[in-house]
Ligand code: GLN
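Next up is one chain by itself, shown in structure tokens, the form predicted alone.
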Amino acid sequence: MKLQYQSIKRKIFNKKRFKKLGWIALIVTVCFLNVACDSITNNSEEKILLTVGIDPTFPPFEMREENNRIVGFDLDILRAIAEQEEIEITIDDRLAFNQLINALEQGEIDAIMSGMTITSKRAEKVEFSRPYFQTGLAITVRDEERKIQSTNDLKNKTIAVQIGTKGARKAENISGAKISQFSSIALALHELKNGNIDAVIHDFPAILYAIKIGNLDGLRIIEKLLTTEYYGIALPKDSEHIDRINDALEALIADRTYDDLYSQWFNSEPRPLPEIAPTLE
């Protein structure tokens, strides 16, 4: 083999020409490798790492179990988003709710998912995802009650509320209403089931969850909510991740993953969601 190679070399190359061609071959090889590497880099996406701030004191959206594990509807949606978009998420639960937006603006966290209502005032500081939950104040009555359909029908009725809530403030404006205040919405609903009051006014999702975990059959929520609000995921202004978050939410709604999670937590069908919260239109 050595002799054959030397013979070919003498016929085709002289020593100087061989060196020159060798360098050319080396340069071509290096250029090819560089192009290949650039192609691999451009076609592969780096995994997104997001730190999401929550305040785990808002059941059933986020709450801490006895073993210190944080669970809730928001956490399940967040995990589904992470799986859908191959995002790696770290939960930061150190901050109170009223500290979360400031932490987002300071870059301490990358997003907020903590039952945060989409408002135009908050939208001045953060960028919201499409709504992922419809909420608002609701009236709850016994199944057999058919005359009560709105606050107009609650005049001169006995209404139960939880102390210090939006529901309590709403009830105070109903003419002639007798208001019974309770430390928890569960107690108010039990009073309703026992026939001691006519209706309960409280946040829609909290009522759904209390009815579910308390096995309070025989109660129903009036279809039309007294107020309508939406929860969204908050990100920094001009966030590069907003489209991926919105795409993931859209996919979860389309393939009914969202419906399944909603049913698990609230034992109910989800209410329709707009692409943009009306407060931002």
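If you're wondering where the values come from, they're calculated on a predicted model, not measured in any experiment. One rule holds for the numbers: they count along the sequence shown, beginning at 1.
The same protein also has a form predicted together with ligand GLN, omitted here; what follows describes it.
For the three marked residues, G72, Q134 and R271, no heavy atom of any sits within 4.5 Å of ligand GLN in the predicted complex.
For the options K170, R122, K193, K157, the one in contact with ligand GLN in the predicted complex, meaning a heavy atom within 4.5 Å, is R122. Within 4.5 Å of some heavy atom of ligand GLN in the predicted complex lies at least one heavy atom of S114. Ligand GLN is not drawn, but in the predicted complex it has no heavy atom within 4.5 Å of S180. Using a 4.5 Å cutoff between non-hydrogen atoms, T151 does not count as a contact of ligand GLN in the predicted complex. Contact check for R130: no non-hydrogen atom falls within 4.5 Å of ligand GLN in the predicted complex.
Of the candidate stretches 77-85, 170-178, 207-215, 114-122, only 114-122 contains residues with a heavy atom within 4.5 Å of ligand GLN in the predicted complex. For the stretch 87-101, the set of residues having any non-hydrogen atom within 4.5 angstroms of ligand GLN in the predicted complex comprises only F97.
In contrast to the form presented, in the predicted complex the C-alpha positions of T165 and D55 draw closer by 3 Å or more. Relative to this form, the distance between the C-alpha atoms of P270 and I207 is increased by at least 3 angstroms in the predicted complex.
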